[in-house]
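Only one chain is shown below, in structure tokens, and it's the form predicted on its own.
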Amino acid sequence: MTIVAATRNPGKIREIRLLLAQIPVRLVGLDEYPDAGEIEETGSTFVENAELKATGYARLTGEMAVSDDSGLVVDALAGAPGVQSARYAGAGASDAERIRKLLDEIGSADERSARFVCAISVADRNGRILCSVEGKCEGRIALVPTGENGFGYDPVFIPTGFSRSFGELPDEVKSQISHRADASRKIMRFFADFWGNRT
């Protein structure tokens, strides 16, 4: 069976391929479907956006599709940047510009609790949602960015139980505690049950 990963990002495709390594499927990215347009992320939650993309690309390709949406939720900013995480400082803004805007808005607030959230959805080839899960990693926003590892808001996010930011932590630690890891473990339970019931 073919599963379409609703992304053209080769790094993300590689990540999902590793996740599904134990399952007898062929995973392909959207680069194999050049005529598939962009599905607009108009949802108000991460799950809604993941489901929009999974449903849309399943219908466009006629294959089962898996999609994700993720971002940073900051309590002092009433949940911003949230689903707008990638577009927080405007279209085409760099990671550094998004971080600068975030730190400017939170200022010296004592309340710095935050969490990374990742939603993953799977749709069948007709676009019907089979499963949606959400993973989280709790933490707080640092006063200044530190570390060169990772991307996005990693340099200003310090996960609970750690004194270093995601930008400083090694990949092997992040891959155990991240929001994506949490969501991935949950979606793997779905896939294990799904394929177990097909045999």
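The numbering used is simple: start at 1 and walk along the sequence shown. Since this is a predicted model, take the numbers as computed values, not measurements.
This next part talks about the form predicted in complex with a small molecule, which is not shown.
Contact annotation: P145 falls outside 4.5 Å of the small molecule in the predicted complex, judged by heavy atom distances. Taking non-hydrogen atoms only, Y153 approaches the small molecule to within 4.5 angstroms in the predicted complex. Among residues of the shown chain, K12 is one whose heavy atoms approach the small molecule to within 4.5 Å in the predicted complex. The small molecule is not drawn, but in the predicted complex it has no heavy atom within 4.5 Å of T61. Between the options L77, L103, I129, A86, the residue in contact with the small molecule in the predicted complex by a heavy atom within 4.5 angstroms is A86.
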